[in-house]
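Read the single chain below, which is given as structure tokens and is the form predicted alone.
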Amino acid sequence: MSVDDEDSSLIDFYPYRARFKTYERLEPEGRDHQNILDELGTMAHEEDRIAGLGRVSGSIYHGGHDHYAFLTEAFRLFAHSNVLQRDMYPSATKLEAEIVAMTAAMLHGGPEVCGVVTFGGTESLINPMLVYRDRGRAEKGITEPEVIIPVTAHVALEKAGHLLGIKILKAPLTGEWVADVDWMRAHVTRNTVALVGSAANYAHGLIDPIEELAAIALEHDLGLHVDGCLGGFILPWGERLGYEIPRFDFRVPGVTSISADTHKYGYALKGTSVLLYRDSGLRKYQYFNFTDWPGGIYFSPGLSGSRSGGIVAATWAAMVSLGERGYLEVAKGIFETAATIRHGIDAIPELEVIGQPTFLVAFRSPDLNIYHVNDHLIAKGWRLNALQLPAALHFCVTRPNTAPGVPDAFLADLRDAVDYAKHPARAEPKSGALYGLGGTPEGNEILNTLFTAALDAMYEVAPTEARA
């Protein structure tokens, strides 16, 4: 067995430069509509090909193109509308309020639970950090706010700390790979404004001890945000199906906010998310109101200003069209497929499943370089998520992965990949090159340089050498 050396996990940020015209300025005349759509259709068809095979971890959560066509039609009706202008588009009030209400009911929120619709998980994590910072300032006089999170909490919380001037303390994990509650309790200070737990975390698909964190939050009058961006729209249905899902929602006293991404297991279009608060007394700290602007009185519910009503309409349409039965049916296949994959990994002696996952299965190898395993899986057409600290892979199971034969094909290729990793074709795995650099000041400096260059490349119309 060998891995095709022509294969590469590196991304070509401009793959169409040799096939389609590159625009560096507006042309004197516009193009024909159908010609433009044909070009975009070619790109979309090629990029959807791999996702349609059910060999991608996460990313594509529903996968049904009839479903996407329906949502796109809902989007079309309101694509041009601005949610900020409620006098012109009052439909946004109905649609957003009902999205929030349906999500709150799913997460066992009482009549006092309220929330907002955001445009992705990052916004749903930054906004509550703003709330807890400003609540701490207004109600406790805290000027140097701190938030304690598990090391596995989503990196958007680090971004929130960077943007908002909040010190982020990162708790280690226990032997069960969840947040060390004792460490978090010991690091609460007079500057602590909130704690965070995941349900479930992105890396390993595990739920932190939310009830124990809630007890600390109640004792010290802290906010407790539950990051359910990934699991918020799948775990409730797992519980309904009889799986052992620890309580993480508003049934737990002390939970003060929850984020849940509708654009993941809510099966809406990218990007939408819902952010819920225990009561409106918290939500008010998220609002921005300004009365003295020459342009008029301005108010907005969060970071975003103008927003397309199309994405709100499509999200509402996704939730209403699926209903409880639809969500349960999809969840049943996901949990069953994840269980099959987990049991198959358990049967491979060289691999070790991380924790007790239910819908996202992370695994590592005490004996082999897991990135060699990943190289072989890439060559076989699989796209798993590579992890670090520790080195591992995860398979986030979504609806396309539940197609007949997919889990069995994956496990067969995984067994072959383990055999390959025992005698790899190259000393260093291609898919592990970047991960091996992290964890030291020198390595982190190199990575920061590489990532900055990559971000620059995303906004270049073509490589410099390609221009003539």
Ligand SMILES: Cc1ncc(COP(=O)(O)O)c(C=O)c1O
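Not measured: the values here are computed from a predicted model. We number the residues from 1 along the sequence you see.
Unshown form predicted in complex with the ligand; subsequent notes refer to it.
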Pick from 73-81, 242-250, 228-236, 185-193: which stretch has a heavy atom within 4.5 Å of the ligand in the predicted complex? 228-236
Contact residue in the predicted complex, chosen from S365, T122, Q286, T337 - any heavy atom within 4.5 Å of the ligand: T122
Counting non-hydrogen atoms within 4.5 angstroms of the ligand in the predicted complex, say which of H263, R307, R278, R133 makes the cut. H263
Contact flag, W177 vs the ligand in the predicted complex, heavy atom cut 4.5 Å: no
Contact of H154 with the ligand in the predicted complex (heavy atom, 4.5 Å): yes
Since only the chain is shown here, I'm wondering whether V397 would be in contact with the ligand in the predicted complex (any heavy atom pair within 4.5 Å). no
Answer for W382 alone: is it within 4.5 Å of the ligand in the predicted complex, judged on heavy atom distances? no
Sequence-ordered list of residues in 202-226 near the ligand in the predicted complex, where near means a heavy atom within 4.5 Å: Y202
